[in-house]
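Same protein, same chain, two forms; see structure 1 and structure 2 below, as structure tokens.
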Structure 1
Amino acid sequence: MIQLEHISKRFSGVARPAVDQLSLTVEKGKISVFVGPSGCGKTTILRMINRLVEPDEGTIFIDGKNILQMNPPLLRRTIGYVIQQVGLLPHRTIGQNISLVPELLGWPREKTARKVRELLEMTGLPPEEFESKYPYQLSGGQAQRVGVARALAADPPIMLMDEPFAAVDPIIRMHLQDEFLRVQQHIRKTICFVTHDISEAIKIGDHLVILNEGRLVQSGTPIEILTHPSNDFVSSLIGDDRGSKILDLIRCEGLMDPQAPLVDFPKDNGSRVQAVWPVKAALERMMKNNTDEVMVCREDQPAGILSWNGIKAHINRISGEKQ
């Protein structure tokens, strides 16, 4: 768990503080996403957690311990850091870049080598091809993936990820996000993730922290923020497709009617959806088949009916709550 208490940071020569009286908690094993426009202080917040920047005011605790009492290099070896500008060491191979922290920690050579290959596989860079290349031989997106692998190498309990997928194309980004979420299911790291892409934040985050001009504007789960944006800034950040984002976030099982009679429902696959799919996928099915009901299944067993009326009622309900 990471706690920031009344953190302020003002850079010399800049009138407005980069971070202003910020207090927040990052839960253990959860992904907290920091979202906000350029210059709102996201990077500065991450860099205060690993002490690359020291706050002017306030205290930061990791697992209850004040980080000012820890030796900065030792602290940083326990915190994976994916840098916004990537920052691979140009004179080292990709393999050597990834093994940086294990090397500092004195891991045995074979263990490090195994880990390097595993991480290259995971980030979709075949080790045979990439391990002995140099950073200048990579594309921006490949370099960024190496940056993620390097941060993960020593298996740190905490990860600071500063726009880690910004430079990859949308298809690979989606793949990396999915892979990232899948891996996180197992490794359960405490993650601070920075992005200015609200859709990415909603998809990835267990908890969102919305920032503007160094201040916390709103924080909560993605669905809380989508359904109850606290002011116009948050609303405009979420955008006009709030409804569709919500439907992307709720699963079919959340809106279906489990009591509805299932008997006379057509058996074809076109009108069936899986319980864990987002409601948006069910809507697409309805539109394609020109129906207003689909059957929701769990492992092939019918579980309920999802109807257009049910979805509409939900949208009306959350819009009503907003006013």
Structure 2
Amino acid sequence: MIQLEHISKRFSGVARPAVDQLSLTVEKGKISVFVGPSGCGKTTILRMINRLVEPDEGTIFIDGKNILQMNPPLLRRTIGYVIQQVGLLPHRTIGQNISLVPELLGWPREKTARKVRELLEMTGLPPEEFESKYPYQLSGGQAQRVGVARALAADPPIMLMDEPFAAVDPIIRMHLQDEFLRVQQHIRKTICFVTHDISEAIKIGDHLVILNEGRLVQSGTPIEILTHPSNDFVSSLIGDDRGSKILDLIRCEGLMDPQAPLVDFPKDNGSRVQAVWPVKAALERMMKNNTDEVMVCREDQPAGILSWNGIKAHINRISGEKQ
């Protein structure tokens, strides 16, 4: 767990603080996403957590230990750091880039080699194809995956990720987000993730931290912030498509009617959705098949009916509108 208590940072020649009296808690094993406009203090917060930047005021604790009393290089070896500009060493192979921190820590060669292969597999880069390649031979998306693998090499409990997917095109970015979430299901790291993209924040975050001009504006789960924005700034950041974003977060099983009769329902796959799919996917099926209902299944077993009226009623309810 990471705790920031009344953290402030000012830079010379800048009138207002980059970070102003910030207090928050990052839960262990969760993804906390820092989101807000450029210059709101997101990157400065990350750099204070690994002491690349020292706070002017306040205290930072990791698992109850004051990091300002720790040796900075030793602290950084326990924290993975992924940035937008991946920074792979061009004269070293991919395997050698990933093994940098284990080598610094004095790991045995066999243990390091095993970890490199494991991480390449985990991030979707077959070792037999990528371990001996050099950075110039990689696409942007592949290089970002290597950056994530390198940050994970020493198995750090904490990961700091500063706009790691911002430099790749939208389709690859979505794929990297999916891969990142898949990997996190297995490794369960404590992750601080910076982005200016609210859609990415909602998709990735267990907890959102919304910042503006160095101050904390609102924090909470994505669904809490989408349904109860604290002020006009948060509402503007979320955008006018709150309902659509909410439907990306809710599973079909959450809105289905488990008591609805299933006997006469069509058996074709176009009229069926999986219980764990987002409600938005069910809406797409309804529009494609010109129907107001779909059957919700768990694997191959029918579990209930999801209707357009049920979805609309839910949107109206959480948006505070009259049905």
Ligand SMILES: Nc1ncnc2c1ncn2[C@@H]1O[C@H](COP(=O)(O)OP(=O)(O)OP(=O)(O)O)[C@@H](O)[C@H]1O
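Here, residue number means position along structure 1's sequence, counting from 1. Quantities reported herein were computed from a predicted structural model and do not represent experimental measurements. By rigid core we mean the largest C-alpha set that fits within 1.5 Å across both forms.
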Practice item. Look at both copies of the chain and name the one that is the form predicted in complex with the named molecule. Key: 1
Study note, to complete from the structure: Domain motion between the two structures, two rigid parts; among G29, R242, P302, I79 the one sitting at the hinge is I79
Review point. Roughly speaking in whole degrees, what is the angle the smaller rigid part turns by between the two structures?
Key: 14
Revision key, fill the gap. P126: Cα shift between the two structures after core superposition, Å, came to 6.0
Point to revise | Cα displacement of R109 between the two structures, once the rigid core is superposed (Å) | key: 2.9
